[in-house]
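Presented as structure tokens, the chain that follows is alone, the form predicted alone.
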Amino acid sequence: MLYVAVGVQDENNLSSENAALFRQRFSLLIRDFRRLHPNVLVQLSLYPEGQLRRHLQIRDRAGLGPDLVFTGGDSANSLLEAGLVDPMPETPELRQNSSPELLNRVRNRRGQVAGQPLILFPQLACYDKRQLQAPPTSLSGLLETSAAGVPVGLAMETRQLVWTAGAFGAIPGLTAAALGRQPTPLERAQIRSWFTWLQAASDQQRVTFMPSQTDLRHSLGRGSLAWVSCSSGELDLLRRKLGPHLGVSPLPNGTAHASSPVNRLRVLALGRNSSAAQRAMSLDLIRFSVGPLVQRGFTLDTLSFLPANPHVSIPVQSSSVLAAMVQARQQARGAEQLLADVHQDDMRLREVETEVMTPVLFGLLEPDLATERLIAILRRPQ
């Protein structure tokens, strides 16, 4: 018996709809694994990702911790730091089936890997084809779309807005600051241009900034918004609401720079309370999960995420959704270092949220001052 703790991203509480969807997806993987290991049973326990650490601490103290933890890359980093999961052994086989960029996102300063990258949920644009015939391909086009009367939605969360920073070439300046360096004058100007666009977007009557990605999804599903940024992990839920009217595309680019989607990484991490047999079987399941054939089949069965294995070929000609996800992965390459340096639980991110982003969006902080304040926060030691 393998016990698997799952952190499910849901900004509120874990909904029955979200839980059922995840169990359905994970059962596909377990079904195929049990064909090779029919004597293995897998028991899942699902938790909202924000509560995962607390639940693991309780179970760990009782010696009942899971054998595997399936969670986001940032969450795995925090769990390793807290001593709630063991580092992943870097065997040649697992390293070969992982891209260096994704491994870097789950590698701590001691060189330990918090979890094995399994799948990637690209950040995309989702829209209602009844209200919008063709999605905008540029940020200027996005504002023109809203000015024409089409309701547009964006999330207020900093990491959900980083994609717009890439469109202004602001990622190198943010990365430099996160590493403790001073951005160059050009990099400062690019960050300032980003904040200027965010304020211009906030001033638009038909652009709505919402507290979370979940709020955006619900608003698109009920028709009050026609275009939103979204995660590929939400596509199944949106398909149930919109059916054939759901449109999916890459996020709009800037004039001279590509956008920088924050593609959400999901990993398998090793729990600390396994017996020798459970640990060996857990590693077998991880090796099985990252194999090229398994990853390709899992991707094509769901059309909701990309495989973490860089050697898997994706038939983009067969699906516009797959093509959009592959483009989102290409767009995101410039932001990989920033994501590795500023995790979701990084206190600097929370300061940026409250001291910079929110005041900018409400028009309380001018772009020049916002730029300097942002740089000062990011340059603080972690």
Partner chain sequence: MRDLVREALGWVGYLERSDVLLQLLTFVAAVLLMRRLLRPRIESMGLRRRWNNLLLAIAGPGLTLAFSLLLPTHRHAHGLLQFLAALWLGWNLLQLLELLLRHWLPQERVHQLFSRLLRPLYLLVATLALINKLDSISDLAVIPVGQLFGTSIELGKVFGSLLVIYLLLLGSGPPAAAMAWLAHRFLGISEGSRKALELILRYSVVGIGIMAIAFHVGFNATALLAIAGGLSVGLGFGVKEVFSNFVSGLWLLFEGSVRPGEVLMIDGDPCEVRKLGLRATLLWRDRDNAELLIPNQVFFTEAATTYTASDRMRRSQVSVGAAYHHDPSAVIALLEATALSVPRVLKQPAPKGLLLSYGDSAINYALRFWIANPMDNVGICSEVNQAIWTAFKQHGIEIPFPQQVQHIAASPGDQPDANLRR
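Positions refer to the first chain, counted from 1. Nothing here was measured: the structure is a model prediction, and the numbers come from that model.
What comes next is about the form predicted in complex with its partner chain, which does not appear here.
Engineer: At 4.5 Å between heavy atoms, only one of the stretches 238-246, 181-189, 202-210, 269-277 reaches its partner chain in the predicted complex; which one is it?
Structural biologist: That would be 269-277.
Engineer: In the predicted complex, does every one of R287, P315 and L322 come within 4.5 Å of its partner chain, counting any heavy atom?
Structural biologist: Spot residues vs its partner chain: no contact at all.
Engineer: Can you tell me if R61 lies within 4.5 angstroms of its partner chain in the predicted complex, counting non-hydrogen atoms only?
Structural biologist: Yes, R61 sits close enough to its partner chain in the predicted complex that at least one of its heavy atoms falls within 4.5 Å.
Engineer: Examine Y47 and determine whether its closest non-hydrogen atom to its partner chain in the predicted complex is within 4.5 angstroms.
Structural biologist: It does: once its partner chain is placed as it appears in the predicted complex, Y47 has a heavy atom within 4.5 Å of it.
Engineer: Quick one: is H55 in contact with its partner chain in the predicted complex, heavy atoms, 4.5 Å cut-off?
Structural biologist: Yes.
Engineer: Are any of the heavy atoms in A19 no more than 4.5 Å from a heavy atom of its partner chain in the predicted complex?
Structural biologist: Yes, A19 sits close enough to its partner chain in the predicted complex that at least one of its heavy atoms falls within 4.5 Å.
Engineer: Name the residue from S27, T354, Q43, Q330 that puts a heavy atom within 4.5 Å of its partner chain in the predicted complex.
Structural biologist: Filtering the options by heavy-atom distance leaves Q43.
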